[in-house]
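Shown next are two forms of a single protein chain, provided one at a time as C-alpha cells under the names structure 1 and structure 2.
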Structure 1
C-alpha cells in the first residue's frame, strides 16, 4: 500500500478542504476577536483602536441584556417543551399498535422546512384580518385580537421555535426506544408495572443518555436561532423578542457598527464554549448497557 503512504497525495487531497475551512472559518474566528477592540463602522477602511470600549458598551446595552435573558428563557422552554413533548410523543408512538410510520413522517416534516418559511407561516397565522388564529377564534365565537405585542412577542416566536424541532428529538427518541430489549418490558409486566409507571421507572432511565444528548443539542441549538425571529418580529417590538443572532445582525448590518458587532460575536463564541462544556459534563454519564 505504498501509494497510501505518499504524503504528496495526502496533502493534495486535503488541500481544498483545509484552505476553505481555514480561510472562511478559522481566520474569521480570530479576526472577530481582533475587530472587537476597534471602533469600526460602515465597513470603512479606517478602524480606531478603542481597547475594551465595545465590551464596556455591551455591559450597559439594554438590548444585549434582553437578548441574553431571552436566550436563557428560550433554553429552558426548549428543554422543557421541545425535548419534553418529543419524549412524550415518542413514548406514546412506541406503545401503539398502528400508525408508527405515519406519525414519524408527519411529526418530522417541519424539521426539513426552512425557518424562514416557518416564520412566514406563523407571521401569516398571527395576522389580524386574515390570520389563522383569529379565524379559529371567531369561528368559536371569540374576538379578534392582535397577537404580537411587546408583551407577547417572545412567546409568539418561541412557539414556532419549539414546535419546529419537536419532530427532530421525537425521531431520535423513537430510535432509542426501539433498541430497548423487549424482555425488560416483559419482566416489568410480570411485576405489574405498566403505563406511565413503566415509562418513568423503566423506560426513561434506560434511555437517559439519549435524553441528555438531546438536551445538550437543544441548548446549543438555541444559540443558532435566527430565521424564525428575524421573519416574525425582527427582534422587536422594542427589542422584546431580541436574541443574540438577530441583535448581532441588526448592529452589524442595520446599525453598520462592525466593531461592536464583533464584540457581540465574541460573546456568542464564549457563551457557546461555556455551554458546550456544561452539556458535555451532562452527557458524560455512563451509557447503560443491557
Structure 2
C-alpha cells in the first residue's frame, strides 16, 4: 500500500515536466509535420492544403541538396575530429596527475560560450581589413587574403563548430575514464601493456558504450547547428556553407514561406532519428561490466 502511495506521488511530480515537454517539444513537432502539407506564407491566417508539393519542391531545390551535403560533411567531421580529439585529450589528461583540473577547465571553457559569441569572434578573425589572421600574415611579411570564399567557406565554419564542443565530450570521457578500475591497468602494466596499446586494447573497449553515446549526440547536434554558421557566413557565399538549419531559417523568415520551411524541418527531424538509430546499431557492442 505504501509503495502504491509513493508511486502516486512520483507520477504527480512528473506531470509538470510532462506538460512542459508536451507544450514546448511535442506540440511544435506535430505542428511542424502538419504545416508541411500546406502552402503557408507570411505567417498569415490562411493556409492552402497542397499535399506533398512542399516535399516535391524540396527534392528539386538545389539549395536543399547543397545544405544536406554540407550537413552530412559536417556530421562526419564532427564525429571524427570533435569526438576524436576529445577522446585523445581525455586519454592524455587522464594519464597525468599534475594539472588535471587546469586542463579540464581550459578545454571545457568554450562550451559555456554562446554559439553567437563564438561565431562573432571567428567572423572578426576572418575579416579582411582588421582580422586576426590577416594581421598575423602581414606581421610575418605575408599578404592579406580573403579567408571566406566559395571554396573555403565550409571549412572556415567547421573550425569553430568543432572547437566549441570538444570540451563537452572531453568531460564526458574523463568521467568515464575515472570509473575504470586501476587494478585493470596495474595488471596490464605487469603484462607490459602501456601507452597506445593500453588505450586501444583496454581503455577504449571499456568505455565503448560512452563513445557510442557521444557519437549519437554528435550526429543529433550537427542537425541543430545554426548560430555559428549564420553569424560567420549566413550560409553563403552562393550557399557554399549552407546547412539545413540556416536554410530552414532563410526560407521561413527571409522567404516568408513557413509551409516549405516546415517540410525542411520534418526532413531534419527524420534524418536525425534515422542516422542516430543507424549509429546506435553500428556501435552496438556487448556491455563490459567491471
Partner chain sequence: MSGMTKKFSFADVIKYLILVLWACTTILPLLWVLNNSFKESNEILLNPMKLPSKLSFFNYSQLISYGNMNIFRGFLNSLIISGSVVLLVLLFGGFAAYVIARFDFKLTGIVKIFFTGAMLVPAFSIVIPSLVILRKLGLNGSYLALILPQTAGLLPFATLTLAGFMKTLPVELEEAAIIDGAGVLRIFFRIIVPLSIPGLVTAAIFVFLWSYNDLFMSLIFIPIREKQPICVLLSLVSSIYGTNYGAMMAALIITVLPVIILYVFLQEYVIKGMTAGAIKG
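Positions refer to the first chain, counted from 1. Keep in mind it's a predicted model, so treat the numbers as computed, not measured. By rigid core we mean the largest C-alpha set that fits within 1.5 Å across both forms.
Selected structure - criterion: the form predicted together with its partner chain: Answer is structure 1, the other one does not fit.
Threshold 2 Å Cα movement between structure 1 and structure 2 for residue 65, core superposed: False for residue 65: its C-alpha shift is below 2 Å.
Core-aligned CA displacement of residue 138 at least 2 Å between structure 1 and structure 2: Residue 138: C-alpha displaced by 2 Å or more between structure 1 and structure 2.
Core superposition between structure 1 and structure 2, C-alpha change of residue 31 at least 2 Å: Indeed, residue 31 is displaced by 2 Å or more.
Cα shift between structure 1 and structure 2 at residue 45, which is computed once both forms share a superposed rigid core (Å): That residue's C-alpha is offset by 3.3 Å.
Value in Å for the CA shift of residue 12 between structure 1 and structure 2, taken after the core is superposed: Looking at the C-alpha of residue 12 between structure 1 and structure 2, the offset is 9.2 Å.
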